[in-house]
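In the block that follows, a single chain appears as structure tokens, in the form predicted alone.
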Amino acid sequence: MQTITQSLACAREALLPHSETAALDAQTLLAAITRRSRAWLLAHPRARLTPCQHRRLRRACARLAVGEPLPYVLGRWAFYGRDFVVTPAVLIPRPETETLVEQALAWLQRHPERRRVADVGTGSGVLAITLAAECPTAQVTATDRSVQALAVAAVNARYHRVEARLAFLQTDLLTAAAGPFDLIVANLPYIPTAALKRLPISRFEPALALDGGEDGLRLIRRLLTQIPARLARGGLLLLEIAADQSQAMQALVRALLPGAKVHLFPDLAGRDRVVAVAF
């Protein structure tokens, strides 16, 4: 059987055409297969895989070689310090979305009397579950059109033991949500349709979670029209956007929600990532 060094090399080769962090991703994959830490793998380069581990690695490398994302191969991915189940029915959590979480938690800390939260287009539930876990007094409603996505989110809620404070609702945006909510968060699709077709992620991740229509703002525009009836006075709406959409978003908010205050927050790379809308 292969040694750790040989196995890492095989995994790295499969990942290299599709990942900018192939070496790190190879370690992550092998750590999951062997149930060892990355540090242990690096400290034991001559250790050998068992036959079962070798078969799992071979199957995983075959999937990675055709571009399937590592999180789907693993079946889980980390977000804000927690592990979440992910399947092709849901979007893979991205580090930039943690900016939205940080702004939401900061607002909840400043407003301890406001605990009614909605997560629109919850997907795997990372936003709703993280907010519920980090703010134990929050009551969160998580919506999604996809039954399959809500099933994944429910699994994650049970795993993180916050299901008692989460209500999952199959609906289009906030159409069937009672409200009003003190805080509404949403990481809706914001990639323009034409641009999405050119991206490798379109082959594997659900179009429902990525396709933002002609200008990337189709669903965000529709959500903004629902906000006056769903957001409590003095509440806050937080939206993730693409780095090049900040001006368009500000203009859209001014047109649809006259009098609303708009603020932009950058991600760790300094790019505009989160739009805050308050009345």
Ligand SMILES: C[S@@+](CC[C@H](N)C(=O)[O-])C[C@H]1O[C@@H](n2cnc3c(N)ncnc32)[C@H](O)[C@@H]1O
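The numbering used is simple: start at 1 and walk along the sequence shown. Here the structure is a predicted model, which is why all the values come from computation and not from measurement.
Another form, the form predicted together with the ligand, is not on view; read the next lines as being about it.
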- Note on the structure: Among Ala177, Ala138, Leu105, Leu91, just one has a heavy atom within 4.5 Å of the ligand in the predicted complex, namely Leu91
- Task: Only one of Ala133, Leu173, Leu74, Leu196 comes within 4.5 Å of the ligand in the predicted complex by heavy atoms, so just point that one out.
- Result: Leu173
- With heavy atoms only and a cut-off of 4.5 Å, decide whether Leu127 touches the ligand in the predicted complex. yes
- Query: Asn156 near the ligand in the predicted complex, any heavy atom under 4.5 Å?
  - Reply: no
- Message: Just checking whether Leu208 would be counted as a contact of the ligand in the predicted complex - the rule being heavy atoms within 4.5 angstroms.
- Response: yes
- Task: Tell me, yes or no, whether Pro192 is in contact with the ligand in the predicted complex, where a contact means a heavy atom of each within 4.5 Å.
- Result: no
- Can you check 106-114, 196-204, 145-153, 159-167 and let me know which stretch has heavy atoms within 4.5 Å of the ligand in the predicted complex? 145-153
- Task: Heavy atoms within 4.5 Å of the ligand in the predicted complex is the criterion; list the residues of 181-202 that meet it.
- Result: Asn187, Leu188, Pro189
